[in-house]
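Okay, so here's just one chain, in structure tokens, the form predicted on its own.
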Amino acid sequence: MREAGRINAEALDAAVVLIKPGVTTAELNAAFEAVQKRYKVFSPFKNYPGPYPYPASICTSVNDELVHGIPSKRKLEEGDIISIDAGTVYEGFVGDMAVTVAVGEVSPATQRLLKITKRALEIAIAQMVPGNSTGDVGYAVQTYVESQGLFITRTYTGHGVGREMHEGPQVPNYGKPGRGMKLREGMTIALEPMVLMGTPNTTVKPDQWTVASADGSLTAHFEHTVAITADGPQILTLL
């Protein structure tokens, strides 16, 4: 899983370095796939079942789009933000991660959204110790994000990850201390705070995949695959 995560991080980095005004989201997908091809690995996203098989290897969600945006000929513009969610399967194991990146210069409020969402992921990771519960993780994220005047989606969650991209347990970004499944050494979980500026409400766009904020406000998404160990949490999706 560590090697799956490392390859995934390298492929995602190849896409991120291309981000600038004028680049299409399809070009980001192609850059990601080029790295995977070199390693002879593949994305668990491609052909993932849904309203129709998901058609790409990454998700590219722009501005108000929270998750599951489909790469296309859409060109990024100055001031946009883009969330890229990416997965890699290596020898039957999955690495799953996401980042949100500014396109050129963005407003201070947008910079703050990204900073808070990234910090929420760090807070979630710190809770990944044996004996804690999934409710402890969610409570820590929710308390921090809402204290900053922002919102957490109630519809989409973090999740176990291993031989499949989506395994148990679900790990919501909200909750009550001590509730949910107890965390045990050896568990591997994809933690992914998804933060909205306006309300926690979302809607699905006509392509039947892209999830966006209901009010059109900006959203951000950061994710790492994390292992619970006796020596503390270990991030598996690092270069």
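Quick caveat: nothing in here was measured; it's all calculated off a predicted structure. Note that residue numbering begins at 1 and tracks the sequence as displayed.
Another form, the form predicted together with a small molecule, is not on view; read the next lines as being about it.
- Within 4.5 Å of any heavy atom of the small molecule in the model of the complex lies no heavy atom of I116.
- Contact annotation: L66 falls outside 4.5 Å of the small molecule in the model of the complex, judged by heavy atom distances.
- The small molecule in the model of the complex comes within 4.5 Å of no heavy atom belonging to V145.
- Contact between W209 and the small molecule in the model of the complex is found at the 4.5 Å heavy atom cutoff.
- Stretch-level contact check against the small molecule in the model of the complex with heavy atoms at 4.5 Å: of 199 to 207, 173 to 181, 23 to 31, 41 to 49, the positive one is 41 to 49.
- Between the options R154, R112, R74, H166, the residue in contact with the small molecule in the model of the complex by a heavy atom within 4.5 angstroms is H166.
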